[in-house]
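Take a look at this single chain, the form predicted alone, given in structure tokens.
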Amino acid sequence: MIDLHTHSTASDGSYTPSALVSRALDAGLSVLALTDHDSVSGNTEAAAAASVAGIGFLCGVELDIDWKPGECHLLGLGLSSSHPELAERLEALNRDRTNRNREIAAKMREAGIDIDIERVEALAAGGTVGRPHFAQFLAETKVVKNRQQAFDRYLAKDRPFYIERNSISLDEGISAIRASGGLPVLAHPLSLYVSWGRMAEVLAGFRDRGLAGIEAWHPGARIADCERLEKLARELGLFVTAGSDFHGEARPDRRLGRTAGRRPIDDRYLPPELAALLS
């Protein structure tokens, strides 16, 4: 089995990069990619652990791309370096994230919640602070029963504590990933909220702007939709990947090496273009 979409404590995952690799080894994975949100800080540690464990490793990242009405996330897989262009994009994204977190905290205070931003930052354990950490804080302080309720009531889009993000453009994301030696892959395409009638046109446009592949298989999608996305990608000349979008305890419903329908991720979802970038 392989897994080309995972997260560590360098963003909003529960496990350190090395602990993630250890769990991947226990799960029987032969190839792993670390794709933290707007961060490459965990890649060095994970790559070293993967080398010791004998697991093929792809340095990666997941970038937030400006898109409406849905969400567009771009995986960068097989990064060979943090090129200045990518570093600048990540710095801008994280600067915006910091400002956003301050605004979320301010909204909580206005609502009468005694928010301790230092405690929220501690929950991130040195990683990128985001909404999942605010959700955890709300659960731990008994404002809500659990993290999911925190999102449903307060932190999801159109909820009281939601703040819109400033994201980079698709062209900026693709350029930064390719400048760092990686290949850009569209994560969970159904999050775009594009109708099936327009999907081929949208994906063809992304391809023409430099997209290399799509993550057709994701645990948030139905098997039938994944099969449809895979067929469409191959028709468009895009390679196909699959991932678990593993976050650890933050998302216990997602398991390493498993994707839609809890299917094991076969190594046929490691295209030759990415296999050539393995460390």
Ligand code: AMP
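Think of the rigid core as the biggest set of C-alphas that the two forms share within 1.5 Å after superposition. Sequential numbering from 1, following the sequence displayed. Here the structure is a predicted model, which is why all the values come from computation and not from measurement.
Not on display, but discussed next: the form predicted together with adenosine monophosphate (AMP).
Checklist entry - Among 87 to 95, 131 to 139, 113 to 121, 176 to 184, which stretch has residues whose heavy atoms lie within 4.5 Å of adenosine monophosphate (AMP) in the predicted bound form? => result Of the stretches listed, the one contacting the partner is 131 to 139.
Checklist entry - Can you check whether residue 100 is within 4.5 Å of adenosine monophosphate (AMP) in the predicted bound form, heavy atom basis? => result Although adenosine monophosphate (AMP) is absent here, residue 100 would touch it in the predicted bound form, with heavy atoms inside 4.5 Å.
Checklist entry - Given that the partner is absent here, does residue 81 sit within 4.5 Å of adenosine monophosphate (AMP) in the predicted bound form, heavy atoms only? => result Flag for residue 81 set to no.
Item to check | Contact label in the predicted bound form: residue 148 to adenosine monophosphate (AMP), heavy atom within 4.5 Å | outcome: Residue 148 belongs to the contact set for adenosine monophosphate (AMP).
Checklist entry - Is there a heavy atom of residue 156 no more than 4.5 Å from a heavy atom of adenosine monophosphate (AMP) in the predicted bound form? => result Yes.
Next on the checklist: Within 4.5 Å of adenosine monophosphate (AMP) in the predicted bound form, counting any non-hydrogen atom, which residues from 165 to 184 show up?
Outcome noted: The stretch touches the partner through 165 alone.
Next on the checklist: Is the shift of residue 188 between this form and the one not shown large enough to count as movement, that is, does its C-alpha move by 2 Å or more after the core is superposed?
Outcome noted: Superposed on the core, residue 188 moves its C-alpha less than 2 Å between this form and the one not shown.
Next on the checklist: At a 2 Å cut-off on C-alpha positions, does residue 135 qualify as shifted between this form and the one not shown after fitting the rigid core?
Outcome noted: Residue 135 C-alpha, core-superposed: shift of 2 Å or more.
Item to check | Post core alignment: residue 155 C-alpha displaced by 2 Å or more between this form and the one not shown | outcome: The answer is yes; the displacement is at least 2 Å.
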